[in-house]
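Shown next as structure tokens: one chain only, the form predicted on its own.
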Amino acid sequence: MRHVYEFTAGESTPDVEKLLAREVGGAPVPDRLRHLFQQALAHFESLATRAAIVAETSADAFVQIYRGEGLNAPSAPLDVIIPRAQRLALFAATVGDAASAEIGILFGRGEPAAGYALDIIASEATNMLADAAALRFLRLQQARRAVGEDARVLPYSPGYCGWHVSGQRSLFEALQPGAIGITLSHSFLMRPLKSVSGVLVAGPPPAHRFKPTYDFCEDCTTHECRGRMASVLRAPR
């Protein structure tokens, strides 16, 4: 079953103070930088549209999609997570073309600071859309009693944690996110640029846990998986 969702600003508006804290690494935030990000947030809200498409799939069907072009890492987290999943869905979400295009326009117009701030905010809002789509999927499955009350949903995307970015091709063929205006280039680049896609995995919290000791973990600079695994121990909001 496919669902197209629209989201309110409240479901994916970045917290400017959190973004600023990340930017300055704990140092005091200059007033000029705060003003720049506040302006960028207002500009983003004037441009953004928020939509997602979610299509439920079976584990067997997803294994074929995940195999993609055969370029995944020999061993990856989804190899152990998918067999534990209670429900799966393909998804794609975007904040729209206007917000994405404006970033390039600002840089081209010689306003790199404004372009940078808008890029940070749009990227964060896009990631939040993936979480918002995950929450809609969780609520749907809980209403159907297809998952337990303790179930959690996390998004997993091609290009991360051993799932090769070329997996986008089979994902797009199955999902057809053109319904909400997302297309894929030959180099697997999504348009609008501020889009996200992947699989939503629903299962009990332990289903999402794995040891981050894969070969590709040595090249990871963010280790966001640790925060994601910790997040499933909290109640969804």
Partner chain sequence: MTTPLLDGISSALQRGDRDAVVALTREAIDAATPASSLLNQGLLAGMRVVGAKFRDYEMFLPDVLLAARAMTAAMELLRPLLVADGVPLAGRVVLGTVKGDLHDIGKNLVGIMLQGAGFDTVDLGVDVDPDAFAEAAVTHGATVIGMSALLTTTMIGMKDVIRALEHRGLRDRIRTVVGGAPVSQAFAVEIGADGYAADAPGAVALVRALARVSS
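Positions refer to the first chain, counted from 1. Fair warning: this is a prediction, and the values are worked out from it, not measured in the lab.
Here the subject shifts to the form predicted together with the partner chain, a form of this protein not shown in this document.
Proximity to the partner chain in the predicted complex, taken as heavy atoms within 4.5 Å, picks out 105 to 113 from the listed stretches 74 to 82, 131 to 139, 105 to 113, 148 to 156. Although the partner is absent here, residue 37 is a contact residue: one of its heavy atoms lies within 4.5 angstroms of the partner chain in the predicted complex. Within 4.5 Å of some heavy atom of the partner chain in the predicted complex lies at least one heavy atom of residue 32. Within this chain, residue 58 is remote from the site of the partner chain in the predicted complex, having no heavy atom within 4.5 Å.
Under a 4.5 angstroms non-hydrogen atom cutoff, the partner chain in the predicted complex has residue 23 among its neighbouring residues. The partner is absent here, but in the predicted complex a heavy atom of 188, alone among 172, 188, 210, 66, sits within 4.5 Å of the partner chain.
When you look in the predicted complex, the only residue of 54, 193, 47, 180 with a non-hydrogen atom within 4.5 Å of the partner chain is 193.
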